[in-house]
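Just one chain follows, in the form predicted on its own, and it is written as structure tokens.
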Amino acid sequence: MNAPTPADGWRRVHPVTPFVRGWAVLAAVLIIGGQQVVEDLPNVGRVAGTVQGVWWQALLGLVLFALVVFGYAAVAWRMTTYAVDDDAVHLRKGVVFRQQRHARLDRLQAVDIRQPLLARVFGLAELTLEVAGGSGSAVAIGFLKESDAQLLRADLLARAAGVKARRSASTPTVVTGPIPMAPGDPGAVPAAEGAADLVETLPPVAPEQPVYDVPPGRLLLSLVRSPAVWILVAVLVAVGVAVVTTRNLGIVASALPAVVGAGGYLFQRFAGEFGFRAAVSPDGIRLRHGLLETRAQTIPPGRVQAVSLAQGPFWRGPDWWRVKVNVAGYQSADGSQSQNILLPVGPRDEALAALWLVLPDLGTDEPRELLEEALAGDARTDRWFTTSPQRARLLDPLTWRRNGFAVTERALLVRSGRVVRSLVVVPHERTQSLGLAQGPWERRRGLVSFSLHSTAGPVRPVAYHLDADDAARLLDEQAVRARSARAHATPERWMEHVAEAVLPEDPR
């Protein structure tokens, strides 16, 4: 019996989904409406005093609006189905405009389990599949029971890795056949047929080994040491002084948007990175974080395109670093950048451990010494790095000794910054394209900036103001290294070598 296909394996998400999605829309409307009422409170009061029954009319309108929202969400739930086979995940949705999307498992970049606050109350989760293909290519299946989402994630990662579920006529561990639908629904199959024929034993969830976690105290202290807090404090002090000297409280109202914006940014950072934990397992790098909305990410090994380690001036004392990554097609639908974080804040050893998760072998006999030079060295003590020449001092008076690159057998390392130190590491096989840029001032001084183009994300590898000959040589040699590395790259079905350990041979 073949694995379920979209023709006979369509399933629905959890029936509580309409309430979760409808409440999110209703809450957003209430917040926006509340802000409008507060801003125009005097006029609202006058209208309420002159128009009899305005409050109950407003309440009735809100109830009717809620019925429309939840009714539409219920129809959308009924029109949303998904299916899984050995090659892809299929999703059908849409009320007015129907969509059918396919996420190919051989292009799977990462698998997330997201739990907004209300979904956590009901024990539900949304499964998000990030695939190579740029922004908007993600496929979200939600909401499911949290246990079902965990099992489905393990199944998808195993299928993407080349491990197929075993068919069994005996007691199964999981039934993944289609949920019976109403007669006449497209893709519906009889319940008895689905239960009898589409029984599979899924691969067990791969074990994991914890690598590091970020205590809430360290996260909070890192935010206190961030420039945003100092800017917020400066604004508050300036507003306080202005109010005292002018006795004009209107200054507070004019400064309120800036204060709320800075406070919202800090809270978003704290809530998004709260409880951050990293672990490694055969199916990838597992990351868990979040205060109000929790997110469990699984990034398959070898799918990270670039890594950056950065340290601001206020983190120099405790020697803390922040680690970000680029993953092909990994773009947040809500604009959040927390899913591109491999380590929010941690000491140097943890930052290097995060780098080892992505690239355990740098291709050099002295990896620690090379990385120490990359993080804190400059041209006066360099052994491996090629830096900007002295004639770049006019363009980079502070950083010309730091800006540079180093090459190993496995990766290109790009170093920059003195106030904010930055190191970018790109495996040769992940090189997308290369480029040189030269402005009029650089041309007069024989300087060129070298760019290595990665996938969309927060990491941007650029070596500024190199000697023109060094940059041209790097361009030619890096193109050859990238082509050779891609030719010898390991297959992307990364779990084939452990398939026997995960699923023993079927005795039949």
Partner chain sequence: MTSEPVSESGPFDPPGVAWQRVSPRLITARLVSAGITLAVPLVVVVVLALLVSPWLWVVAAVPAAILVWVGIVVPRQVRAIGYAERDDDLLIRRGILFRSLVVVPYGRMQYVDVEAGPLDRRLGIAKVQLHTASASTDANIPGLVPDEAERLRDRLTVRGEARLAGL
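Residue numbers count along the first chain shown, from 1. Predicted model only: the values in this text are computed from it and were never measured.
The same protein has a further form, the form predicted together with its partner chain, not shown here; the description that follows concerns it.
Checklist entry - Between the options 293, 350, 208, 429, which residue brings a heavy atom to within 4.5 Å of its partner chain in the predicted bound form? => result It is 429 that has a heavy atom within 4.5 Å of the partner.
Checklist entry - Looking at 408, 150, 340, 438, which has any heavy atom no more than 4.5 Å from its partner chain in the predicted bound form? => result Of the candidates 408, 150, 340, 438, 438 is the one lying within 4.5 Å of its partner chain in the predicted bound form.
Next on the checklist: How about residue 479 - does it come within 4.5 Å of its partner chain in the predicted bound form, if we only consider non-hydrogen atoms?
Outcome noted: Yes.
Checklist entry - Counting only non-hydrogen atoms and a 4.5 angstroms cut-off, does residue 100 reach its partner chain in the predicted bound form? => result Because no heavy atom of residue 100 falls inside 4.5 Å of its partner chain in the predicted bound form, the answer is no.
Checklist entry - At the 4.5 Å heavy atom threshold, is residue 246 in contact with its partner chain in the predicted bound form? => result Although its partner chain is absent here, residue 246 would stay clear of it in the predicted bound form, with no heavy atoms inside 4.5 Å.
Checklist entry - Can you check whether residue 472 is within 4.5 Å of its partner chain in the predicted bound form, heavy atom basis? => result Looking in the predicted bound form, residue contacts with its partner chain include residue 472, since a heavy atom lies within 4.5 Å.
Checklist entry - Taking 109, 453 and 468 together, does each of them reach its partner chain in the predicted bound form with some heavy atom inside 4.5 Å? => result Checking in the predicted bound form: 109, 453 and 468 are all within 4.5 Å of its partner chain.
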